[in-house]
Every structure is written in C-alpha cells, then in structure tokens.
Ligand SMILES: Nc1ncnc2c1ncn2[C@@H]1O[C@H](COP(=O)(O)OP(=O)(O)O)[C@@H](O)[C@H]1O
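There is one chain below, alone, in structure tokens, taken in the form predicted alone.
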C-alpha cells in the first residue's frame, strides 16, 4: 500500500465527482481536512481525506462516518453528509464529507493575539465552551482522541465562544481512560492559549487549580471526564 504523507490539494482542484478544493483546514496522523465547494450548488462542505496506509480496508473512514452520525445531536460535532472515494496518484483515497461551519481555527485566532496568548478570562470562556461541548460526547460513551488548537473551530459571539470539532481520532473502543485523555488535551489547550510555561507562574489561582502543573495524577483527582471539568468551572469563583 502506498505511503502517502500529504495530499497538498491546491485551490481549484476537482476531487471526486462533485467537489472543488477551496482551502486546507488542517492535518493529522490519519489524513488531511479540506474545505470544498459543491460544484452544482455552490454549497461549502468539509471533507477529511484519509492516507491509505492509515485507512486499511476503509475501516477508519467508515468508523469516522458512523461516529459523526452517532453524535449528530451534539452541537460541537459537525453534521455527517456522506462517505466517498477518489483517486490520487493511482491510489484509492477515501474521504468523509460533512457540513461546513463558519468560524476560524483556534490556532489562527491565537496567532493574532497580543503576545500570542489570551487574557485569562477569555481563555476560561474558551475552556468552558470546549468542556460543555465535549461533555455531550462523553455522555454518549464516546471520546475525541486528538483535541488541539488546529482542529477546534471557533465562532465568537460577545463574551462566549461557539465550538466545533473538525476531526476525531480513532484509538479503538471508548473507555474511561480515553475520555480522561480528552480532559488532559483540553487542559493542554487552555495552558497553551494562556502562553504556556513562560507565563504560567504568574497566572491567577484558577489557572493553577485547573492545570495542576499539567501533572496527570493531580488532574485525575479532580476530572475524569469533560462533565467534571465543566461543573468545576461553572461553580468556581472567577475573580482572577
């Protein structure tokens, strides 16, 4: 099986039977995510294209489509449209198409902030919105598996943030440990958008109470899933 590590689809390239590439939105271990436009209607979509060696017998793409469908009532999850395939350098490439949602990657928003970091109060709102969204995923016995600033789509509304997750990573059957890894990932995102190690020591108490120096054992004592994290943030006295 051909080992493809990047598709590098250019704007204007036709893929499959009905789509044209608009831009690349992100990339991960399994493949790349692109914004497409449907030629016949002009409707924007999002598609995840799988590297063949990461999608043996199409299983990863199929599981992703099924997971999106199963989580279709979760506001943080984009809506599944359909599963298809195309050719790339004579290789069969499977892709999963979903709704396109207006917004901007958190990583891009972060890059424009003064000092490339959020104010503490803004970062807390980001973390709370993320925890609220992932809580519903966890409540359905699922997990995300790869939460980071390059696959969180954000639309700001006043003080609040609306979140969408662009991708899920398949680590096998869901369990408590995988849901806890989602919590760790969310806290790492929080730590990153606050400026990381360079600014951590000067952060207010709530940041230290949530991040716990990024020590797994200390974080696990408070948070086992996204619901635990959400409730903690909602009840905390945000005076810092």
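Numbering follows the first chain given and starts at 1. Treat the numbers as computed from the prediction; the structure is a model and nothing was measured.
Only in words, not in the display: the form predicted together with the ligand, which the text now covers.
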All of 46, 150 and 167 within 4.5 Å of the ligand in the predicted bound form, heavy atom check
yes
Among the candidates 162, 122, 84, 99, the residue which, in the predicted bound form, approaches the ligand to within 4.5 Å (heavy atoms)
99
Please pick, from 154, 93, 128, 78, the one residue with any non-hydrogen atom lying within 4.5 angstroms of the ligand in the predicted bound form.
78
Please determine, with the chain shown alone, which of 54-62, 189-197, 209-217, 27-35 has non-hydrogen atoms within 4.5 Å of the ligand in the predicted bound form.
27-35
So in the predicted bound form, is the ligand close enough to residue 139 to count as touching (4.5 Å, heavy atoms)?
no
